[in-house]
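The chain below stands alone and is given in structure tokens; this is the form predicted alone.
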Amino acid sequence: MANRMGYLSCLDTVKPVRDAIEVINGKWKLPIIISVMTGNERFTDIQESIPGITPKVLAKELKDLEQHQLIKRVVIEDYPVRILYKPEPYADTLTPIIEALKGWGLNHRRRIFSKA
């Protein structure tokens, strides 16, 4: 019975973590979120802020992030029409996670490279 309880307890943590990783997983999602959250609103500005991303991949990832309500696509009816990408308020909930990952990454890098 104790093993079964440990298994269930593990799943209580693993399932929501998997859900979160599903949203921000991949090579490009976090860089795009960070780029938009730091003020890059235009497609070309976002693309230029992320070395190596192609327009096709950026467009796909922006749509995914829109579906997850992290980024909002704003169409400005002007001539020519302008399209901006802005962070949704919900994206702010990722800020402490991004900061924690940044801190962990810096510490991990120091730990690994200081032993080399």
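Superpose the two forms; the largest set of C-alphas matching within 1.5 Å is the rigid core. Residues carry their position along the shown sequence, with the first being 1. Computed from a predicted model, the values in this text were never measured in an experiment.
The same protein also exists as the form predicted in complex with another copy of the chain; that form is not shown, yet it is the one meant from here on.
Taking the partner from the other structure, another copy of the chain in the model of the complex has a heavy atom within 4.5 Å of a heavy atom of Pro31. For the chain shown alone, Thr54 is not a contact residue for another copy of the chain in the model of the complex, no non-hydrogen atom being within 4.5 angstroms. Looking at Glu48, you'd find a heavy atom of it within 4.5 angstroms of another copy of the chain in the model of the complex. In the model of the complex, another copy of the chain sits beyond 4.5 Å of every heavy atom of Pro80. Contacts to another copy of the chain in the model of the complex (heavy atom within 4.5 Å) from stretch 23 to 43: Val23, Ile24, Gly26, Lys27, Trp28, Leu30, Pro31, Ile34, Ser35, Thr38, Gly39, Asn40. The Cα position of His108 differs by 2 Å or more between this form and the one not shown after fitting on the rigid core.
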